[in-house]
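Have a look below at one chain only, the form predicted alone, in structure tokens format.
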Amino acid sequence: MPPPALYNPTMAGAAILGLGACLPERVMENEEWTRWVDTSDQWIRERTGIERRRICGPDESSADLAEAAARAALADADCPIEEIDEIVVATDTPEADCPDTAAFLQHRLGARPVPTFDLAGSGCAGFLQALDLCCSRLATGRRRVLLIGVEAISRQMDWTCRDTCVLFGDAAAAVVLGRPQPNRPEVLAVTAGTDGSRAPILGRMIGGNRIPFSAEVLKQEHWSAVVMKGREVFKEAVTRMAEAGRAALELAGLSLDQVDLFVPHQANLRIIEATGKALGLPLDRVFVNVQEYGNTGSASVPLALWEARQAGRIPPGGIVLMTAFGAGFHWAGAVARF
């Protein structure tokens, strides 16, 4: 099947004016999982590359993490909240079922009564899919948009399902997007896609109208577990992220040789390494922090981008390629010049 026609929503120009992140204080080492499931630090490291992750405390929630990350990004952008025209939150672990997390965030930040909403359901592809949407909003008149990726998945996952519980961590990261400005990173291209026929291989199927929560459902073992058909997810993830990376570079008029740093979704080390190999990028040009934070879902890419900048991994004028995949089966790619 031929790829869909490419449309670049950043044609009118979009810039990353500020970056921010928030990580819970609690660090959970692999060894702690032995209290809950039959596993070991060695088993987790060998299969995923993860060594530890951050876990929300009893009084922390998705909105708490999102607020802290948003305030950090606003400060980095030197942008008063009054200048924000729209707030978008990418998450699959919302503050409440209704209203959305963005509504809580608008109030907490003291924003004007601007449009706010959550983008949910696309799993770990959420942030880049939301970036695609936000760039189009800027192209149609918005001046500054606040975008946050946040997950507090430890509150909702099955802590007794060994195959999936050890993979995830909690975090939030945010960007302030606006019109291009001197000395600010520019978003050059974004692309995204979906293959709904592959939806059964990855997701959380319980809790919607198809299989609503009920007393009978809650009696089932592993009722809250993430469905993850490992081999199929691996193949789709590598293929789709590599395709999205190439498509985004084509939109930007760039080649893989011009990429200074590749920032993929931090699902696990094997997927990261395989995607880099599929793109022909050496590991010294691939940013990896999955060992410290695990899979943080919609927060994964912006958290890695934030940390890469903090660590000095992005040279002035550097080209950064970002890709992600998630339930749906969704995928996305983006290119930015720093």
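The first residue of the sequence shown is number 1, and the count goes up from there. Predicted, not measured: the structure shown is a model, and the values here were computed from it.
Not pictured, yet referred to below: the form predicted in complex with oxa(dethia)-CoA (UT7).
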>> Within 4.5 Å, heavy atoms only, which of K277, R285, R47, R26 is in contact with oxa(dethia)-CoA (UT7) in the predicted complex?
In response: R47
> Out of D260, D195, D163, E186, which one falls within 4.5 Å of oxa(dethia)-CoA (UT7) in the predicted complex, going by heavy atoms?
Replying inline: D163
> Would S62 sit within 4.5 Å of oxa(dethia)-CoA (UT7) in the predicted complex, counting heavy atoms only?
Replying inline: no
> Can any non-hydrogen atom of W159 be found within 4.5 angstroms of oxa(dethia)-CoA (UT7) in the predicted complex?
Replying inline: no
> Does F117 reach oxa(dethia)-CoA (UT7) in the predicted complex if we count a contact as any heavy atom within 4.5 Å?
Replying inline: no
>> Can you tell me whether S136 touches oxa(dethia)-CoA (UT7)? I mean in the predicted complex, with a 4.5 angstroms heavy atom cut-off.
In response: no
> Thinking of oxa(dethia)-CoA (UT7) in the predicted complex, which stretch from 65 to 73, 277 to 285, 308 to 316, 33 to 41 has heavy atoms inside 4.5 Å of it?
Replying inline: 33 to 41
> Do heavy atoms from each of C124, L167 and I271 fall within 4.5 Å of oxa(dethia)-CoA (UT7) in the predicted complex?
Replying inline: yes
>> Could you pull out the residues of 248 to 265 that have any heavy atom within 4.5 Å of oxa(dethia)-CoA (UT7) in the predicted complex?
In response: H265
